[in-house]
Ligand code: ME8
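The data below hold one chain only, encoded as structure tokens and taken in the form predicted on its own.
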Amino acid sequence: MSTGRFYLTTPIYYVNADPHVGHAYTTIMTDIVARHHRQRGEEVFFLTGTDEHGAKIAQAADAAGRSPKDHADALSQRFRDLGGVLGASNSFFIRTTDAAHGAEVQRLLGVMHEKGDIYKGSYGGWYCTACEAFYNEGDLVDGTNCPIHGRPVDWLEEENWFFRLSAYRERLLELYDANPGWVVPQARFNEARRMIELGLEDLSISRSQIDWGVQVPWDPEQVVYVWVDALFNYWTALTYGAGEDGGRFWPPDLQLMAKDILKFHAVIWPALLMSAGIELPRRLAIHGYVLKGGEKMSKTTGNLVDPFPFIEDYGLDALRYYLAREIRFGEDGTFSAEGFDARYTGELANEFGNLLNRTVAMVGRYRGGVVPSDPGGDAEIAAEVSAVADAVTAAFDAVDITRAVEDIWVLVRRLNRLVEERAPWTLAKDPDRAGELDQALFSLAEGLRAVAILLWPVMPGSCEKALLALGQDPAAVATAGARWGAGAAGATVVPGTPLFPRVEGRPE
């Protein structure tokens, strides 16, 4: 049941390296969902930020000859800057080095400790510093290397504090059985449930061999395991970053992340919340990897895609559109310069941009720049617009961003066919067919107005320009306004430069 509020999160990004297009993908997809829910009149709190503790950060800082805090400050700012470049409309940017975050993590751990869910014990295992995670020997590649990074793992043995994760196995299974849509897509739900089914080991939640992190409140010789520290950010941010009544947003309506952190979010995170006595998130949405050359992009493999040249050459909205359209949400998808250019030229420039230019030009040429009133003869087109608007809302409800864009593009292509079917240039030659011309021009302008509103979460800047060109209020982007006939009557079109100009050459 809707509360009129919508709380959604990205994972907080680990500041061990510069951001790349994989980070951009997660941020953009979350921003698209946030904008859509604002269009529906909901009060949205959109959280992102950076994860700044752990051995990997301390080691990287040491290698760079600076303190962990100075190192974290520099890299965190790059992620904050990336959000600005991507047009992210986040409500707050959390850092795990925020004092208020650390204090709340300590309070929550105290609750769990008092409950008896945290105990002291010894542990030894194969540890990947890059992942900040332990692996069973059977999970290692060639018996020695991390399955994610391909680097040799280290044997780590120390006395730590442990969380009784195993005690929550049955409650977690009950959660999954009672909420079959708790993790989407279904394949990730099945994968997470299988992890729980196979049995859970208690989780080491502290480290004694590093000092860069949040101190365990009852044992200052140990710091909180970076993943536990990080996971609680979704809760702590509301205690100091969302105003006096920030708690009204809890629980998260949607938490969006890549599949490599599925276990942490779909198994460990709900168990931590159960222990702390906090209501669970309503849904987790798991997306695939952005691939280049068939491989996941990473600093380790050196196959990173820098999004900035694409933004400089094609514009931000083109990047947002390409990622939403090309990479089916929930699945792996390949990023390529060739594919980017094909989508930009074939769809954005030729199908959408050219349709807008032709419509505005024809209204200017045949009706003095004023969009005719609706003669009422296009009930079929009106029904198609309504059906697309409903389909887009349903796609967003299912967290299927790609399908939402595909549904919108059905309407774009229908309007392009309408131009050829009606041939306004032919109608304009016959005064007896003036009514038909009025209907064609109105239907094209009204259909494009609906497209601009529905597509606004994906390409806000371009869609606002499209509304302006159609003589509409560029701020009138509520989804309710996508219904037929809801635009400003007697609008005067405003010719301008092409939305998606030709690009010579392309980034590699």
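One-based numbering along the sequence shown. If you're wondering where the values come from, they're calculated on a predicted model, not measured in any experiment.
Form predicted together with this ligand: not shown, discussed below.
When you look in the predicted complex, the only residue of 311, 128, 82, 258 with a non-hydrogen atom within 4.5 Å of this ligand is 258. Here is the short version: of 88, 273, 165, 290, the single residue with a heavy atom within 4.5 Å of this ligand in the predicted complex is 290.
With this ligand omitted here, the record of contacts in the predicted complex names 225-233 of 178-186, 103-111, 140-148, 225-233, defined by a heavy atom within 4.5 Å. Proximity of residue 484 to this ligand in the predicted complex falls outside the 4.5 Å heavy atom cutoff. Of the heavy atoms in residue 422, none are within 4.5 Å of this ligand in the predicted complex. In the predicted complex, none of the heavy atoms of residue 499 sits within 4.5 Å of a heavy atom of this ligand. The closest non-hydrogen atom of residue 343 lies beyond 4.5 Å of this ligand in the predicted complex. Counting a residue when any of its non-hydrogen atoms is within 4.5 Å of this ligand in the predicted complex, there are no hits in 410-449.
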